[in-house]
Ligand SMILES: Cc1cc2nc3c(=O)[nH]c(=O)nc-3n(C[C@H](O)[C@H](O)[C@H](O)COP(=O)(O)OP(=O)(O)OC[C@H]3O[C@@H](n4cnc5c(N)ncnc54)[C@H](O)[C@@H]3O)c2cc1C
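Below sits a lone chain in structure tokens, taken as the form predicted alone.
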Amino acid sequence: MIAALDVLVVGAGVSGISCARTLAGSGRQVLLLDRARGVGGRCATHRLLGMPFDLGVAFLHGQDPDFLAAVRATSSRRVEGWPRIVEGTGRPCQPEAFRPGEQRVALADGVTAFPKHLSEGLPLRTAARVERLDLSGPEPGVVLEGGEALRARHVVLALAGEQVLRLLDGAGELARSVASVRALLDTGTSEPSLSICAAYPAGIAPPAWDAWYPEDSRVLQYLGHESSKRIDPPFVGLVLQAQPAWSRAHLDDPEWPGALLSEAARLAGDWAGRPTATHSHRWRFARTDLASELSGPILVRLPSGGSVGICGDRFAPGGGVEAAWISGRELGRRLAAPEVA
């Protein structure tokens, strides 16, 4: 047990890190937990044959001056305005990224450099899987895989809505205020995405585009020219991401990577279907359905006097990484207020 812990933040994606950083900056004792081996959530970068591939979020974008300043404070070299050359008129996962006033930034070291920068200096435990939310005591808490229990004055759940629901449903009988929030969360959904990184042989000519949103594909939503973001890339690399509906229908189909490569070959040419190496990933909760968007994070008082907070990209306008960052910051400010502490 950590003495005098004010806030437990479950989930070290951008929203959870933003919340924890805001709290730590206000002098609160905070601990950040994540089940993965590193931070970032969907801001994930995988190294394939030595080159970074952004297999979730491809680039960062927004209008909030503080968010953009935080992005640009990252030590990685920035590629401003990426993607600069966009092919196709299909619908991006974040259409607002291309609206007037939006600023787009890619990171040469991979998008995961941003959450790594944000989390520097924060108390953090990775590979810490939360099995159960415990609201039975005088303070809320969590039980980790293996049985370790942690408690704090406040618990923040910075997770996909479906993951929050799993924890609430395992917490036993809920106070009326928490049950009401559970019912609200049950109205929303997350969209899945099947994603593959593909490295191609030396001598393959790089595509003329940075990003392609095909208008005539029922399989692929996005083809990203990853090597166009990198410093002296050793080869051509693509990230292929499937349409949400196609992803949902094929999440448990072991043949889906081949289907994505076949569709890439149909769209871009035979070469796109013949990589030398690949890495595939299933995102079951890739992004929030914008029809589920809420205006701000949730903070629920418990009968014991503690509270449960919920933040993420669903809890600020527009969705995406900027919304996740803003919702975490806002919840951190509310928890840091003297009347809450």
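Quick note: we count residues from 1 along the sequence shown, nothing fancier. Fair warning: this is a prediction, and the values are worked out from it, not measured in the lab.
The same protein also exists as the form predicted in complex with this ligand; that form is not shown, yet it is the one meant from here on.
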- One stretch from 193-201, 246-254, 264-272, 173-181 that, in the predicted complex, holds residues within 4.5 Å of this ligand by heavy atom: 193-201
- May I ask you to state whether residue 130 is within 4.5 Å of this ligand in the predicted complex, using heavy atom distances? yes
- Touches this ligand in the predicted complex: residue 331 (any heavy atom, 4.5 Å): no
- Message: Just checking whether residue 33 would be counted as a contact of this ligand in the predicted complex - the rule being heavy atoms within 4.5 angstroms.
- Response: yes
- Task: Indicate whether residue 168 is a 4.5 Å heavy atom neighbour of this ligand in the predicted complex.
- Result: no
- in the predicted complex, the one of 124, 93, 259, 105 near this ligand [non-hydrogen atom within 4.5 angstroms]: 93
- Message: Contact check in the predicted complex: 51, 83 and 238 versus this ligand, with a cutoff of 4.5 Å between any heavy atoms. Do all three pass?
- Response: no
- Item | in the predicted complex: members of 7-42 within 4.5 Å of this ligand, any heavy atom | 10, 11, 12, 13, 14, 15, 16, 33, 34, 35, 36, 40, 41, 42
